[in-house]
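One chain comes next, on its own, written out as structure tokens in the form predicted alone.
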Amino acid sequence: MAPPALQVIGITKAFPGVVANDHIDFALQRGEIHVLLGENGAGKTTLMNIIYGLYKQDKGQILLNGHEVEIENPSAAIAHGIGMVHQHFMLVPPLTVAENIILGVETVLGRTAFLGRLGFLDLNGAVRRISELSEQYGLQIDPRAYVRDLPVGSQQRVEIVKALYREADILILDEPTAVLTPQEADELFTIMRSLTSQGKSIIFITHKLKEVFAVADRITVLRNGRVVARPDGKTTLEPAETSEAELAAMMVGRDVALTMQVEPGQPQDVVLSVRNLRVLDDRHLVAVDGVSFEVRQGEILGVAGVHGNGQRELVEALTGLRPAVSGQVTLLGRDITRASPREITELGAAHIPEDRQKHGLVLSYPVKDNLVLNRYYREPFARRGVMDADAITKNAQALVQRFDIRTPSVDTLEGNLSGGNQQKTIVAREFSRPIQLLIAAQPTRGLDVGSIEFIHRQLVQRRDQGTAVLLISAELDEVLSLSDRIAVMFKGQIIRLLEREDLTGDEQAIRERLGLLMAGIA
């Protein structure tokens, strides 16, 4: 029997105060898709970073085709035939597809280099090779197209071709469907099957349990830095012998509610009103183009759309982080179109930002200070302009317990927490005061099933308490399960507003309809 394409034996990696990988054994067979599951902080990324040469293990071995290898850096990983497609694409938008793919290897001697006479780049030769790869694996990309003009799904194909161009036999795909429509995700799965049918081996990292059963040949679950075994002792499972519920329990260590049973909301008075809002992006191009909608007390209005269709700019305009060019936004009847973030907060608005590290937290501050970032200047946290350290600490201790923020101490720096616990910090801060409006942008992006369950319950609970909730998410399942109404955004416009009656009936038909709307097909 042929040895595994990749095998790690006893991999151990420790950082100050935590063992990220604890004697992990894992094997990837040739021509298979092996799904790696685990909560945030379970050790998946650390293990992949070791395999790709970004970290060096403290103990353990890495074997390729049965032979032990030392992978000191990503260049060594690439030389050994290992490629990694990151969740956030590593592309340069103003360059063409071909220029992006050869970037970094254009002067390397070997089959992947295309140097003409006198050392000048033979771009035509690179284009021919890329076209061959594209046709061979069914990736359908134009080597001469500019990346900035490509939809997200096509950009991901460019990343895959980039790895294949470097002659990768092993591909690590990190959350590859995070920014794709359902149709684009299905296309990706077809591509993955084409790759494995031609001998490539894939490690697929995802938090979406439905995707496991769509693509996996085998499944390994990590928890607390270790491989999780079933009661029967098995550590690597096949899809036919497990279920979503079992995998979720293995990931979290307890039973998890995978779908929210949400009763319809009871909408009342209008809290947020948006009329003909127009907003520019960072390049001074129109990102939000004449958007109008309302959010009422006691309802969740979901905004569905592929990332990059104006959602970020919309949220920033509503929260005072970006100026509007024209239009009007009112909160409880008061014009906030040009209000500052503090003024909007003081009126009873809460914000879970898309980028928790940039707009939601100060990573160099301790947990306790992050829990009062929007109230540190008010009583009981400050008196006569002087912050009350005891009050801030007691508040943090109470919220850490109430919202299950897993931290060694309230004095721990926020940057040392996992992504899920950073998100819980924001939720705890925003929900621990009276609010009338909650704007939640991608509230569960990159989170594990346990953290997702927790945040979903919090959103529904706030709605049921009479808060108006605006939910912006690229996760179609999330929007469908939580929303009372759904607005679909495409190229800066709301192209369809679906009412509750539009969201009942055949679930698969509704998903397909929404997926087409998200792609701009009305």
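Source: prediction; values computed, not measured. Note that residue numbering follows the sequence shown and begins at 1.
The form predicted in complex with a small molecule exists for this protein as well; it is not shown, and the discussion that follows is about that form.
- Of the residues given (Gln458, Gln57, Ser483, Thr45), Thr45 alone sits with a heavy atom within 4.5 Å of the small molecule in the predicted complex.
- Among the residues Ile9, Val18, Leu498, Ile510, the one placing a heavy atom within 4.5 Å of the small molecule in the predicted complex is Val18.
- Looking at 468 to 476, 34 to 42, 61 to 69, 489 to 497, the stretch with residues near the small molecule in the predicted complex, meaning non-hydrogen atoms within 4.5 angstroms, turns out to be 34 to 42.
- Annotation for the pair Pro408/Tyr55: C-alpha atoms recede from each other in the predicted complex, by 3 Å or more compared with this form.
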